[in-house]
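What follows is a single chain, given as structure tokens, in the form predicted on its own.
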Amino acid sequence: MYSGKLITFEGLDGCGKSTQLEKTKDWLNNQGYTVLKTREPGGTVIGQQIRSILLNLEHEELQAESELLLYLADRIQHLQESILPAKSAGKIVLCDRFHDSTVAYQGYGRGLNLSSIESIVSHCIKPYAPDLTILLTISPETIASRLDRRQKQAEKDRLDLESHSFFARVAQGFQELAAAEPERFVCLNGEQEIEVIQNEIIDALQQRLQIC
């Protein structure tokens, strides 16, 4: 038997985290672990409805503070309904984005003062911090090319339309978060070959969490 774990994958849109999460799930399954693959926003039925509001291209009028609270509502629902029960059952939870994204995107990117939500975060989110966070970093030029590819494939969402300076602030936010908690974060170059990145993630799981 083993205790459940929460492993989160973070980074700018287009960094490849979703691809790496899927590969990590396959590797863990092959090692005999039971895995819950999930995401934020949208890891629950309620969360899927919140996600549709947050990412809808037509919702240009959505206020930054409203956006922030919607992400928090999704996270609290997700934790209580899905993540915590899975961990209690001994599963390894792989989550595409978690609270670090809110700090990076809404705090650094949008410039919101997150102290107004500190009470909610302290009571409802911080006690359930990830056991490990994989942060994939990519250059602004790579971001632009990957988001342009999404546009051609009609896959862009509301956040993909943000400016270069917005994503630069978000990237800085992720770097500062990682520097503040080096025991939790594993920072990897997201511009390497997919298999190279996956091998580095497996090494991190084995070394940091003794998963083998």
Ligand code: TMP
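Numbers follow the displayed sequence, beginning with 1. This is a predicted model, so every value here is computed, not measured.
Here the subject shifts to the form predicted in complex with the ligand, a form of this protein not shown in this document.
What is the one choice in I50, V186, L28, L159 with a heavy atom within 4.5 Å of the ligand in the predicted complex?
Exactly one residue meets the criterion: L159.
Scan I46, L69, L62, L55 and let me know which has any heavy atom within 4.5 Å of the ligand in the predicted complex.
Going through each option in turn, the one that passes is L55.
Could you tell me if T102 has a non-hydrogen atom within 4.5 Å of the ligand in the predicted complex?
Output for T102 is yes: heavy atoms within 4.5 Å of the ligand.
Using a 4.5 angstroms cut-off on non-hydrogen atoms, would Q77 count as touching the ligand in the predicted complex?
No - in the predicted complex, heavy atoms of Q77 and the ligand never come within 4.5 Å of each other.
Within 4.5 Å, heavy atoms only: does Q106 come near the ligand in the predicted complex?
Close contact exists here: in the predicted complex, Q106 approaches the ligand to within 4.5 Å, heavy atoms only.
Residues of 25-45 having any heavy atom within 4.5 Å of the ligand in the predicted complex, listed in sequence order:
Those in contact are E40, P41.
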